[in-house]
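Shown here is one chain on its own, the form predicted alone, set out as structure tokens.
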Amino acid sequence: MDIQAILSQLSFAAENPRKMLEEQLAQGKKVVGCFPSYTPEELVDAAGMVPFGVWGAQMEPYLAKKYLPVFACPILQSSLEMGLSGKLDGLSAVVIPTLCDTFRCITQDWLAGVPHIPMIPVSYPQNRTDAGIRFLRSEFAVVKGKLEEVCGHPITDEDIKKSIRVYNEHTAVMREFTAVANEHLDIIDPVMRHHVMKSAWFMPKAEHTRLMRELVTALKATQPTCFKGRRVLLSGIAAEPDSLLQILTDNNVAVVGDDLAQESRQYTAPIPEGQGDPLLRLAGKWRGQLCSLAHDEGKGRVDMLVDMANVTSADGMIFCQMKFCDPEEYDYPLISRALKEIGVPTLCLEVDQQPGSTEQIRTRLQTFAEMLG
């Protein structure tokens, strides 16, 4: 399969989540919705079911306003709206991590408003020492038991180990893609890069890994290009809608790295290798996660972005501040200061999932691109 055929397939998955869900259901598979950001998809996969990302949508919430205040996270507002309006019907269950105050509310809102789709909560500890990891292991054991009720059979240790291998292989190929893509910025523009990364949420991981390996191989076989435009990093929860990224493309700006929760952030900490308790190994991934939702006194995320800027020769960084997301907002001043110290300017954009004009964003991005030279 050539590069454009692979990219077309991945773009279709990213742009048509509902059709991807219906395709899995038509094959007789059970599908489980996985809310952001660190739902243990591996357990869903180990159960023989298909994990399916629930990352909201570009819509104006109406029904969700009965449950959530207007200042709630747009992703969770639209995700609840999809559940209330039937757009997620067909899911056998949803798993919701309680990572912030809005997530905690959503678990109860879902129970009240969408009772026909079972909800499985999972609590992540902010203490990430050995005691915290053992606690998370016990949480995963509860999730495993509830998933067994949904799938109708036991989930064995071997099932989980196999799934861990699948997910670690996927993490490796996604990391490889982000490196190889920077040699082909004429093909992998900001919108296409986003589609490739986002498509992983709506396809079985083994299938997505296969396509990504084909894509990486095809890109490596293609002559690298010398990109003459500006190179930026993205950080935040998500960089949507596509029209935002299209503005970058229109202004000859390429994305050469990201720390987006919806994209590369999920690949920063692979599941520890070994032959021990697979649930404990699965929980161990949380120890190394760099994220505003995970307590980190040393703020390793800041150093990680500085390193990323140096490795990718980034000209600037765009911080996609999800509207009303306090944890992300707290991190921005530290990130901005550290990057400016190494000569990398930053731009903070407020992004929202509700439909609206991007003309203000267009003006700011055009100005930022001109400032980068």
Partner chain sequence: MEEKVTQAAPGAAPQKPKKPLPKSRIMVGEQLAKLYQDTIDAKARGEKIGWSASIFPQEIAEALGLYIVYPENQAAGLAARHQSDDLLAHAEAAGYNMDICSYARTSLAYMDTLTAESNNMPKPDFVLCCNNICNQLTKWFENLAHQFQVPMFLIDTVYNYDPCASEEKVKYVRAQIDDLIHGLEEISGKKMDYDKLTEVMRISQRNKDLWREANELLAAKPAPLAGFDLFNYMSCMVCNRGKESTTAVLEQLISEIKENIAQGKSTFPVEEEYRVFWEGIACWPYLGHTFKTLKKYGINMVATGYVNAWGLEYEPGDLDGLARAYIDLPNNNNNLETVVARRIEAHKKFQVDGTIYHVNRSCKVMDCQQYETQRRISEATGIPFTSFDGDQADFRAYSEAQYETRIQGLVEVMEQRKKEREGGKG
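Given the structure is predicted, the values throughout are model-derived calculations rather than measurements. Residue numbers count along the first chain shown, from 1.
Here the subject shifts to the form predicted together with the partner chain, a form of this protein not shown in this document.
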- Query: Can you check whether residue 218 is within 4.5 Å of the partner chain in the predicted bound form, heavy atom basis?
  - Reply: no
- Query: Do residue 121 and the partner chain come within 4.5 Å of each other in the predicted bound form, heavy atoms counted?
  - Reply: yes
- Message: Under a 4.5 Å heavy atom criterion, is residue 156 part of the interface with the partner chain in the predicted bound form?
- Response: no
- Message: Residue-level question: is residue 222 within 4.5 Å of the partner chain in the predicted bound form, judged on heavy atoms?
- Response: no
- Task: Identify whether the partner chain in the predicted bound form is within 4.5 Å of every residue in the set 35, 199 and 245, based on non-hydrogen atoms.
- Result: no
- Stretch in contact in the predicted bound form with the partner chain, which is absent here, among 23 to 31, 330 to 338, 310 to 318, 47 to 55 (heavy atoms within 4.5 Å): 330 to 338
- Just one of 98, 249, 289, 171 has a heavy atom within 4.5 angstroms of the partner chain in the predicted bound form, so which one? 98
- Note on the structure: the partner chain in the predicted bound form has a heavy atom of only one listed residue within 4.5 Å, and of 229, 132, 241, 204 that residue is 132
- Going by heavy atoms, what in 79 to 112 lies within 4.5 angstroms of the partner chain in the predicted bound form? 98, 99, 100, 101, 102, 104, 105, 107, 108, 109, 112
